[in-house]
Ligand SMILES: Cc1cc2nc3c(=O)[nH]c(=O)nc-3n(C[C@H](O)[C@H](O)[C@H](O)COP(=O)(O)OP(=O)(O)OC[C@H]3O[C@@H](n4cnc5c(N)ncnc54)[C@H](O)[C@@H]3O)c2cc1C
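Coming up is one lone chain in structure tokens, specifically the form predicted on its own.
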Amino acid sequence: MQKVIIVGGGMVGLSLALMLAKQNIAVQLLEAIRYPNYQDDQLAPYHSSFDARNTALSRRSVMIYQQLGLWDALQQHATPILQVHITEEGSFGKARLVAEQEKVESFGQVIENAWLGRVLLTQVRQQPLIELIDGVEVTALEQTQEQVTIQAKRDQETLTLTSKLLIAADGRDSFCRQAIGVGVDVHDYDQVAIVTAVQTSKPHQHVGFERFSALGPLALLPLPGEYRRSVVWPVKKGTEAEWLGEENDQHFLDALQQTYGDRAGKFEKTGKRFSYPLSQVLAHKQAVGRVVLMGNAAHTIHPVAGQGFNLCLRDADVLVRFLTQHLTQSDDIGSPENLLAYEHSRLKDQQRVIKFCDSVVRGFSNQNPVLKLLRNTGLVAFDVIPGIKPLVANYAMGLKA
């Protein structure tokens, strides 16, 4: 039986391991942080990947989890997005997408990362083809024409693992990427994302808001519970202390109220806020020899349009199809030629999403009056010109990748 090593057990690594196991491919999955043990229906303390953030799963991502047989478990903790409203604070432009008008069930589903991670981890622990090794630090990586070898430390134990294929899903600062000599292009947005959940006086009615404000692009998405919404608010780096801590609860709620007006009703309560630095990190290569980069190790992008994880999940889905198709012709699962073919096949989708997210951040961050007029005119045009909405909706749902 073929065996693959995955380094990095976040949401991408766990999902990929389950995809491979479904194709009868054995996996050794390594994760640096020890996973929590779940004893009841409450969330355990956050894992480094299963944290306070939320993920808006596109239609394509939902379909991938349906194929894995996981959607019934995930759907219990997810909320569909039936409408998307896009506006800019203090401007006339607005655009709206309605699932019913686009003849789709929903544009996607919002799920808290902590719940997504818990469901994935539970499934991985039940899968006999996946060997889960957590609390382990990879210290060396070498590859020959025939195989990849890594060394790792777990407590006082030193592990040596070999495979014909290693998938590096070990994050933005990937050790494996550095070990194979792949450089990156980095752009620091000079922003941090303030993330939390809030309660509002009006029910969310499954509407997601994208509101471009002077502080930064603010996303307000529906969560389970009629009045709960997630907040992702990128603000200027260095100002995060103004928004964090219980003493700033009311200040944060007041700022949300001023930015959104009464669209969501009154912002009544806020959960604990967390902050995450925002940057774009793009690997120069994604396949070198028998190593392929996946997830944030390959491309870390701005969360402005909620596309990052969905792009990574499409990468994983395509990679598994390339591997299984190749195995019908060869017993070499880590064929460098096949990995290069995979990389080439994904560039168009990746570059489109990366360019779009970066353009939105840069375009709406500029407060030049002429540019402001142009982008608000564009929002109006988007809302009234026939044919644009279905195209954008399909891309947003990941159906035109």
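Being a predicted model, the structure only gives us computed values, none of them experimental. Heads up: residue numbers just count along the shown sequence, starting at 1.
Not pictured, yet referred to below: the form predicted in complex with the named molecule.
Checked against the named molecule in the predicted complex, the residues V195, V288, V198, A316 give one hit for a heavy atom within 4.5 Å, which is V195. Only one segment in the set 154-162, 257-265, 205-213, 134-142 has any non-hydrogen atom within 4.5 angstroms of the named molecule in the predicted complex, and it is 134-142. Although the partner is absent here, S106 sits far enough away that none of its heavy atoms falls within 4.5 Å of the named molecule in the predicted complex. Heavy atoms of V12 reach within 4.5 Å of the named molecule in the predicted complex, making it an interface residue.
R59 falls outside the set of residues with a heavy atom inside 4.5 Å of the named molecule in the predicted complex.
At the 4.5 Å threshold, heavy atoms of V148 stay clear of the named molecule in the predicted complex, well away from it.
Contact check for A78, L82 and Q350: none of the three has a heavy atom within 4.5 Å of the named molecule in the predicted complex.
In the predicted complex, the residues of 309-337 lying within 4.5 Å of the named molecule by at least one heavy atom are, in order, F309, N310, C312.
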